[in-house]
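Encoded as structure tokens, the following chain is the form predicted on its own, with no partner shown.
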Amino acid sequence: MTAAMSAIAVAGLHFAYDGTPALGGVSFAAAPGSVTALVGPNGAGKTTLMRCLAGLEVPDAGTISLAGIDVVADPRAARARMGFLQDFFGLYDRLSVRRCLDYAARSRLVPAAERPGRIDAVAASLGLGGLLDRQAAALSRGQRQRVAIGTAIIHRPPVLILDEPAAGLDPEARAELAVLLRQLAADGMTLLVSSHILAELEDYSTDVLMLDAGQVIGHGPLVQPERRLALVLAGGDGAAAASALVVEAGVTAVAAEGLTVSFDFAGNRAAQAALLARLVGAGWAIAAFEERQGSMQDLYLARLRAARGAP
């Protein structure tokens, strides 16, 4: 993907705090309408990367383009094309929700004639329509989070950057947040979302960007061209079964653990059914045959171990 085709394009990004490297040559691109999950351990450089993207830090080297705007060369124009919500956000507690959104719209130079309509539209999309006249201080944590996101999207930016948006939310509020983020992406917005809650990122992300020690250790779409299957034998020898499976077409990465044999399978559903029929016809006593979807956490931990040279 070229920079011209990308909503977010980063190349060779370096940043250091008082000589201590935080980012060491980070490069990646995000397509319009994608939701990129930004993951990594504490100190990996995630927040530094987002602050550079938002124009709040000036990198030591490298380029950043948001919606076609060079963030380093023209940060003011870039900020007009993005929304950014930090993990610790603030609201004016004595202002109503309506006035919080109006203040954000004014600061983003939304024309006066458009502001009332924008406020109503954002409030409706965030489920805040009945709270517009309530003071921010009287809102729950989840409601405050939605207001904060509203202030970040009131100017309809093509790019939205969120740092730990689900932090402190209860399960219901987290589920509502996932629905909202999927809707924003469906409407054409490009999102970069950082979180330690990998299972929730999986609910709405299309791509994943993994950082460790300021380096990219993995980046790509959250799709699996091959499916992970597992069969459980009622008896026999799991290791022998694994050896026999290796010769089957489309079967790779075979592993046996007791009577459970797992493997990647590149065939379609019909090929999967044919494989099962062959195994049963060969006399295998199969008690269960199931698909096991690999999780983002599995992928992340595997990449982290590989990056650190761990087995």
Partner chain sequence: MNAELVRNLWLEITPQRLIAMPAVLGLVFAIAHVAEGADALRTTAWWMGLGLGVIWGTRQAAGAVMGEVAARTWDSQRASALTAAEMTFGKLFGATAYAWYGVAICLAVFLAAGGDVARGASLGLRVLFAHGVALFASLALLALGGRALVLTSLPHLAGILAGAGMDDPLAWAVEETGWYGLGVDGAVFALATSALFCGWSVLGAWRLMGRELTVPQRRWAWPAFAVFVAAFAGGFGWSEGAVGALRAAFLATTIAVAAAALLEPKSRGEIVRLLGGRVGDAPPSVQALALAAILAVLLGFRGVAVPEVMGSDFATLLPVSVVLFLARDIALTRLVALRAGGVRGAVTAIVWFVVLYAAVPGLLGAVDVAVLLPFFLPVPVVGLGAGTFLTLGAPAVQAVLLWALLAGRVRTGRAGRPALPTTGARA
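Computed from a predicted model, the values in this text were never measured in an experiment. Residue numbers count along the first chain shown, from 1.
One more form of this protein exists, namely the form predicted together with the partner chain; it is left out here, but the text below deals with it.
In the predicted complex, segment of 206-214, 86-94, 191-199, 158-166 with a heavy atom within 4.5 Å of the partner chain: That would be stretch 86-94.
Contact residue in the predicted complex, from L181, L229, L128, M82 (heavy atom within 4.5 Å of the partner chain): Looking at L181, L229, L128, M82 one by one, just M82 meets the 4.5 Å heavy-atom criterion.
Position in contact with the partner chain when the complex is considered in the predicted complex, options P75, G238, G218, G142, heavy atoms within 4.5 Å: Selected option: P75.
Heavy atom of L56 within 4.5 Å of the partner chain in the predicted complex: Result yes; L56 sits at the interface with the partner chain in the predicted complex.
Any non-hydrogen atom of H14 within 4.5 angstroms of the partner chain in the predicted complex: Although the partner chain is absent here, H14 would touch it in the predicted complex, with heavy atoms inside 4.5 Å.
Any non-hydrogen atom of P32 within 4.5 angstroms of the partner chain in the predicted complex: Judged by the heavy-atom cut-off of 4.5 Å, P32 is well away from the partner chain in the predicted complex.
Proximity of L109 to the partner chain in the predicted complex, heavy atoms at 4.5 Å: Output for L109 is yes: heavy atoms within 4.5 Å of the partner chain.
The partner chain in the predicted complex reached by all of P21, G62 and R99, non-hydrogen atom within 4.5 Å: Yes: each residue has a heavy atom within 4.5 Å of the partner.
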